[in-house]
Ligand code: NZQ
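Given as structure tokens, the chain that follows is alone and in the form predicted on its own.
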Amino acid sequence: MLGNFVYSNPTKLYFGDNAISFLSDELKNYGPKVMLCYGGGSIKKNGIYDDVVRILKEAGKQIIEDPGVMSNPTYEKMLAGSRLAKENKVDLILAVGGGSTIDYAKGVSVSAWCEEDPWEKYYVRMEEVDNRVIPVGSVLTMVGTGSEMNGGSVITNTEQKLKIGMVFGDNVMPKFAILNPKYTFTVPRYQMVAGIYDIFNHVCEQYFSGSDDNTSDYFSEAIMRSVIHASRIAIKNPEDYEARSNLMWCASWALNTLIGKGKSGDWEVHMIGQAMGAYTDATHGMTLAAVSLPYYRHIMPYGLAKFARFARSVWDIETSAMTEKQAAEAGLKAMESWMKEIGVVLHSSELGVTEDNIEGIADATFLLDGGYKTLSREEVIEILRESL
């Protein structure tokens, strides 16, 4: 295992079907004003909103509501939330929802007391936070992003057609997260499947880099195998507690930085997918699914040994009679079959991408050098065309 690194994760997780009971204990650590962030209102239909509000009121908290967080939170919405948080001098931001709501809460937490344009400071120049940060807590209702246990915050600037993720440090990561697998039961199938692929791709982005014998890769293989197994059960029975609990746990560990230690990380699928999302407002996990196979087939020759290992260790393919290239191809074929089985989008045209906006998406794609191949703009265009 090569390289030097520091590992720290300050988020405290409460996991299980009684996890919400610990919210009252956590609330004792913060002042009286709590900003409650959530999305389109599904938490009011399934009863989660009532549970949370009851606990907040029993704790004597003043609730400042901030509803309407969209699946791809915008910079405009984040600015409005920041003004609300600052005007009310909130002591805690409680995000109730999926990764988008938690990403949004982190963006608000660093922007409320920022004296500069937070988009320029944090999402363009990607500077460290040097102003007051409002603590964030979360009640997770949809799995996929792992935002409940990391510092990531992805925000879309609709005017500039840019969707950018900033990874903040320990001081911005959620202080606590409530994880009850039953809270995910009512998530629509499309969103559940998108979340499943989001988990899987987070692991792929870290796995497909480096060539050393890295313990992190063994962790990654275990998580991928668990996601595959649990996904097959969950799509047949969305209320299978064991399957949904395993997916929830995998999501947190896929992106809480542990399996990235000692790794350079690729993340180019995310860069293309995020640029695609800025143009289409498509669900994040589906943008990743649409571009993954064209991308991995493109870079496979440059990381052949890892792709062959992927076939053996993740998909249980007997490769002893195959060449390394044949094994690598078999692994991606197995991945494609599984993607079809669970029902993710495999073509970007299904998400609204057209030939006319391919060059714009390519221009909005950040080119990274952590994977097996650093792409050119022309290669991004080629991959996008193949994804159609």
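Quantities reported herein were computed from a predicted structural model and do not represent experimental measurements. A residue's number is simply how far along the shown sequence it sits, counting from 1.
What comes next is about the form predicted together with the ligand, which does not appear here.
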Q) Counting only non-hydrogen atoms and a 4.5 angstroms cut-off, does Y123 reach the ligand in the predicted complex? A) no
Q: State yes or no: in the predicted complex, is some non-hydrogen atom of S109 no more than 4.5 angstroms from a non-hydrogen atom of the ligand?
A: no
Q) Taking the shortest heavy atom distance, is P188 within 4.5 Å of the ligand in the predicted complex? A) yes
Q. Looking at the partner-bound form in the predicted complex, is G60 within 4.5 Å of the ligand by any heavy atom?
A. no
Q. Just one of S100, S138, S220, S292 has a heavy atom within 4.5 Å of the ligand in the predicted complex. Which one?
A. S100
Q.
I need to confirm a contact call. Of N357, T323, N29, N46, which residue comes within 4.5 Å of the ligand in the predicted complex, counting heavy atoms only?
A. N46
(Q) Can you tell me which of 303-311, 207-215, 152-160, 110-118 lies within 4.5 Å of the ligand in the predicted complex, counting heavy atoms only? (A) 152-160
(Q) Given a 4.5 Å distance limit between heavy atoms, list every residue of 273-292 close to the ligand in the predicted complex, or none if there are none. (A) Q274, H284
